[in-house]
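In structure tokens, the next block holds one chain alone, the form predicted on its own.
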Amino acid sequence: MIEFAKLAVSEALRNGAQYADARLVRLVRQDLVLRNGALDGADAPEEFGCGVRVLVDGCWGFQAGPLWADKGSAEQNARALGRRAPGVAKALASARTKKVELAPEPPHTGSWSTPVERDPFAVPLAEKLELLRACDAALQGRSETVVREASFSARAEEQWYACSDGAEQHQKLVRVGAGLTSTAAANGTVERRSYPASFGGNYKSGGYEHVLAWDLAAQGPRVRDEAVELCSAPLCPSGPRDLILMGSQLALQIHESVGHPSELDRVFGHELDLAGSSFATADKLGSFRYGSEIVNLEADSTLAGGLDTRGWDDDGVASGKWRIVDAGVLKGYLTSREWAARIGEPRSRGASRAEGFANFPIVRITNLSLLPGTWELDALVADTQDGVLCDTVKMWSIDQRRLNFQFTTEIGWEIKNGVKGRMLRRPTYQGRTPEFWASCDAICNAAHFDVWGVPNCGKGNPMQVAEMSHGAAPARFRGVTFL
């Protein structure tokens, strides 16, 4: 397959491109959903194609198409894409406002694959459905339960990449996801509980071994009962108090208030028309106080279990790790080769990705984690006099500059004088990003750290969906406003 990518690059250079790269991508998925004991969804989409990107006089051009047998030979299609892409760049040249320059990158060659103990696509369908039925059975037993849902998801992406700088790369990325949700109706309200996280559960790179490790069915009775109990629990009182965020909720907080603001294209207003900009402007780099001194947020495309753990990004840049926030100070951005050159950095951070073969690579959040601290969770609760422990996202909102936000979690527990007490319904907290992270005064240790996958991050115009993970251990934030 790499030969077809090289053919596309060669054809682009013969037709006037000064730079060219080509990605052949084969993407397969399997998604199963059981709802109230019946199969509610069973999808197995597959796609295979090639995307060719070129630079002509500092202007991008892009062409993409499928590589199916009935569309002509792969060689003919790859050549045709390479031949047409420079023409697109030439046609767009009059609209160019600034010549594109690429930060240098050595031409990496090689192969990389996600470590997998058990291929999820090789697991018999009957075994997966048996697991989901066991989850459904575990969620039964309460008359207040109105919806029981269990789901499984697997994704495999195989990519062949070549560019005119000399890079030749092959990689295969595999991930799984699974979870269960119970929805209850009683006392005039409807509430839900999810495990291991909301919106389909948790997702990790690797194989079916992760699904088994989550032990979904064993958590069913607790999830079912908490959903029922929430229907009679008091609403979370409003006012300022301390907040302890559990890992899955903290992961989304990282995603929205640190990940997106640190995408450098967004910083320069490139996403302004669709998804907004960022308050973390380039003049703040190296000096802006993003959080307290214990806040260290590390981007890492080598993180074990991360959904964006890979060998290279879609610019052919080798994976690595770096600090976005170091000891509370803004120290880095998420960049591609194009955007690294915009701020004079010597190399890209390797955060350029596209959804499938048919989209142009853009800057995306990679795996981004809040590094662990030193606390045990029990000790953190015991040290909190007036607070709420919040778990599992329910809904959220954040403004166009990623500055003002509001989050509601599925469940909370009141903490009084160091004791975790009554269950609270729909705890909703709000804040401003720098002040919120500045209020972080305690983070649990590595024993409490886990990696939480985001499989549905949308960005771009046209919209692209990317996947990434956020590692987190429970953390405390002082004096947060609850609504």
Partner chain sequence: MPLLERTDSLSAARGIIAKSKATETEVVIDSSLDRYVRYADCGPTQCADRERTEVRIRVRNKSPHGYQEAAAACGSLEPAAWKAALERAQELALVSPPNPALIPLGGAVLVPISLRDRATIDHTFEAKARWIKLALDACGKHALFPAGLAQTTAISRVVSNSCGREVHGYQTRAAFSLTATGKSGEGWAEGVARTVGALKAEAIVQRAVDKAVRAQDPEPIDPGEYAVVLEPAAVASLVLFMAYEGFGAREVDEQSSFLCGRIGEPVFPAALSIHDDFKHPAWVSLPFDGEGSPRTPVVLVENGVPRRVVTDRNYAAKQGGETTGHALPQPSAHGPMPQNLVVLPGASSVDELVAGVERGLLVTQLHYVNLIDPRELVLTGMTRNGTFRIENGVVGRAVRNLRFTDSLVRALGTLTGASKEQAVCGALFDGECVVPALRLSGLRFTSTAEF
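Numbering follows the first chain given and starts at 1. In this text the structure is predicted, and so the values were computed from the model without any measurement.
One more form of this protein should be noted, the form predicted in complex with the partner chain, which is absent from this view; the next part is about it.
- Each of A44, N359 and I398 places at least one heavy atom within 4.5 Å of the partner chain in the model of the complex.
- You can rule out all but one of 170 to 178, 200 to 208, 265 to 273, 217 to 225: in the model of the complex, only 265 to 273 has residues with a heavy atom within 4.5 Å of the partner chain.
- Mapping the unseen interface onto this chain, L212 falls outside it, with no heavy atom inside 4.5 Å of the partner chain in the model of the complex.
- Shown alone here, G61 lies within 4.5 Å of the partner chain in the model of the complex, counting heavy atoms only.
- Taking non-hydrogen atoms only, D57 never approaches the partner chain to within 4.5 angstroms in the model of the complex.
- Although the partner is absent here, T408 sits close enough that one of its heavy atoms falls within 4.5 Å of the partner chain in the model of the complex.
- Among the residues R155, R241, R84, K331, the one placing a heavy atom within 4.5 Å of the partner chain in the model of the complex is R84.
- Think of it this way: in the model of the complex, the partner chain has a heavy atom of just one of N404, S292, T109, S232 within 4.5 Å, and the residue is N404.
- Heavy atoms closer than or equal to 4.5 Å to the partner chain in the model of the complex belong, across 298 to 336, to no residue whatsoever.
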